[in-house]
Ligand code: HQG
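Just one chain is shown here, as structure tokens, and it is the form predicted alone.
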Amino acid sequence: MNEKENRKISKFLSLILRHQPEIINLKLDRNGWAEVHELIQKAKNRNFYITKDILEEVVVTNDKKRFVFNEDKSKIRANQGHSLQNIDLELESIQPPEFLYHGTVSKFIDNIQLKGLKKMSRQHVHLSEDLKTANKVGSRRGKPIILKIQSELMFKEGYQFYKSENEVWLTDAVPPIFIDFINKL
């Protein structure tokens, strides 16, 4: 499978496993898992050809490690990023490092300064441990602005943090008082 096909399937899986499983009438369990055989069949019914080997390649090669199989590879799910509100990824709250980062662009800065980071249509705000990842995330929409989050202080103040299987840090919201605008325009 070439890179273009891989990206197309990854985008399809993101849509189906994170946002709109109903497009192919796929059932996700309460923890976001889909039966692999059902996903393959229902994708085929929509003229989207996927095999188990193709799924395995996408899971292994996805640069953001967005997807994961269960132990016997009979189920697949997205690691995080769901807009579906009834998905419980069974993440346990853990203490974050002193600082985490969030990449954004200038058009959102005024609102972030007023209201902080909100999860919007997703289940959590996504944060990273390193500047490189935050920069990459922010770059998707233009010139990135990196926000430094005082995550350890937030945790000490009672905010919950979770770490997904693909190393993305998650929290419900980040109030502006905990945000350092380190390269604001």
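What you see is a predicted model, and the numbers here were worked out from it, not measured in a lab. Note that residue numbering follows the sequence shown and begins at 1.
Heads up, the form predicted in complex with the named molecule isn't pictured, but that's what we're talking about next.
Quiz item: Taking His37, Ala43 and Lys52 as a possible spot, do all three reach the named molecule in the predicted complex with a heavy atom inside 4.5 Å?
Solution: Judged in the predicted complex, none of His37, Ala43 and Lys52 sits within 4.5 Å of the named molecule.
Self-check item: Candidate stretches 27 to 35, 44 to 52, 62 to 70, 152 to 160, one within 4.5 Å of the named molecule in the predicted complex by heavy atom
Solution: The contacting stretch is 62 to 70.
Quiz prompt | Interface membership of His102, the named molecule in the predicted complex, 4.5 Å heavy atom rule | solution = Yes.
Quiz item: Given that the partner is absent here, does Arg140 sit within 4.5 Å of the named molecule in the predicted complex, heavy atoms only?
Solution: Answer yes; at least one heavy atom of Arg140 falls within 4.5 Å of the named molecule in the predicted complex.
Quiz item: Does the named molecule come within 4.5 Å of any heavy atom of Val58 in the predicted complex?
Solution: Contact with the named molecule, no.
Quiz item: Would Ser106 sit within 4.5 Å of the named molecule in the predicted complex, counting heavy atoms only?
Solution: Judged by the heavy-atom cut-off of 4.5 Å, Ser106 is well away from the named molecule in the predicted complex.
Quiz item: Even though the chain is shown alone, can you say which residues of 5 to 22 have a heavy atom within 4.5 Å of the named molecule in the predicted complex?
Solution: Sequence-ordered list has one entry, Arg18.
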